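We begin with a single chain expressed as structure tokens, specifically the form predicted on its own.
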Amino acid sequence: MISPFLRILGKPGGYRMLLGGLLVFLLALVTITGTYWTRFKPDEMDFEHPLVPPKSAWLTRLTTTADGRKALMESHQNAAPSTSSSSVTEEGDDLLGALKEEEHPPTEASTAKVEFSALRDHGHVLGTDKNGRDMIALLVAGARSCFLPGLVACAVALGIGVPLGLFAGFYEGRWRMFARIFNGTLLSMPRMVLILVVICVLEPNVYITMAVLGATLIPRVSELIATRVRILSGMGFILAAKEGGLGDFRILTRHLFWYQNRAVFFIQFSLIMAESILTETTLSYLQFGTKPPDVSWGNIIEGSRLTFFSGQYWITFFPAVAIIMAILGFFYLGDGLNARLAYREGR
């Protein structure tokens, strides 16, 4: 059971495929099942705990500076309603409290430590943003906004680029001329400028934006597939398949695509997903992508500018880590598949 798994890891690209596949699996799992296990909804505001740090002390120290903790405590003290000093208590408790205060007078540091630890006593594990929204719920909703539009970009780029590359590499004449003109036209358009033009002309929609991104990636996919198919078309197994009476469609789909180019397909899928996540978060940060109240990792970071510069940067920290892990997951998966493909072809 374990030996085949270890044998796969021992080959080139095995560890990168494992790490990338694990990160991609976690991203897909959070996207699909996140709404079932999160305690809060992304649009649910907790007015009782606006802008509170993560619940764990080590996360608070990691994502908040000393000045940020002090400013956060002062802001909550000013926002909290003043309580009356005259409370009805038992006489014995008052006397015991007075004796304890005389014996161990509280220092300013201990008082601040107790007040800040009380500030962390809430149900938000990773804290909240300035509107009182739970960070875990925001991260789950942001994963959905990055993963699903990335699938649209892959569908457009691979759904058009792969057939175009197969036909341009297998056939000569008009198909190759059409592919050359089509790819040259798309490559002559700056990608970001084209995306911004589409956003200005049409109603801003993240799925339309990712479809445009996928269209700009068609030349890369089709040229890669066409080059490999052009080389493979003159080999003996393709000539034997033609002599055996197999049709062009079967040769293209089975022999040239599935047997020879499926690894290239999955490599391009992983790289396009990584590029689409980076593009979507960048556009959302620049307020050209996902618009509030919809949540994206990019607009979470965009909305945390004030808290970041005041030393309370957990709102920026967690989405940034999520973006890096998602991009690295798809990149490692594609890089491992590429190393595995090169090993098989070299062998």
Partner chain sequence: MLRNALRSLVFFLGCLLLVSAAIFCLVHLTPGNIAEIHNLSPQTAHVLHLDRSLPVQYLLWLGNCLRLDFGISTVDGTPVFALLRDYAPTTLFLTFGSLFFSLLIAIPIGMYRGLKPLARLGKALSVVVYTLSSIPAFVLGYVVLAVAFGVFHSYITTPPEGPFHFWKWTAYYLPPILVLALGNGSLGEFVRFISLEAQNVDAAMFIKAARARGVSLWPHFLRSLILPVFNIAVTNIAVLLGGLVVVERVFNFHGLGWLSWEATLKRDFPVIMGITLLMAVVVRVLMLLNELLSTWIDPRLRQ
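Note that the coordinates shown come from a computational prediction; the quantities given were computed from them, not determined experimentally. Positions refer to the first chain, counted from 1.
From this point on, the text means the form predicted together with its partner chain, which you will not see here.
**Student:** If you check in the model of the complex, do 288, 316 and 335 all have a non-hydrogen atom within 4.5 Å of its partner chain?
**Tutor:** Yes.
**Student:** Tell me, please, which stretch of 147-155, 134-142, 161-169, 198-206 lies within 4.5 angstroms of its partner chain in the model of the complex when heavy atoms are compared?
**Tutor:** Of the options, only 198-206 has residues within 4.5 Å of the partner.
**Student:** Answer for residue 227 alone: is it within 4.5 Å of its partner chain in the model of the complex, judged on heavy atom distances?
**Tutor:** The answer is no: residue 227 has no heavy atom within 4.5 Å of its partner chain.
**Student:** Is residue 43 a contact residue for its partner chain in the model of the complex, using a 4.5 Å heavy atom cut-off?
**Tutor:** Because no heavy atom of residue 43 falls inside 4.5 Å of its partner chain in the model of the complex, the answer is no.
**Student:** Do residue 263 and its partner chain come within 4.5 Å of each other in the model of the complex, heavy atoms counted?
**Tutor:** Although its partner chain is absent here, residue 263 would stay clear of it in the model of the complex, with no heavy atoms inside 4.5 Å.
**Student:** I'd like to check something about residue 281: if you look in the model of the complex, is any of its heavy atoms closer than or equal to 4.5 Å to a heavy atom of its partner chain?
**Tutor:** Result yes; residue 281 sits at the interface with its partner chain in the model of the complex.
**Student:** Quick one: name the residues from 313-329 with any non-hydrogen atom within 4.5 angstroms of its partner chain in the model of the complex.
**Tutor:** Those in contact are 316, 320, 323, 324, 327, 328.
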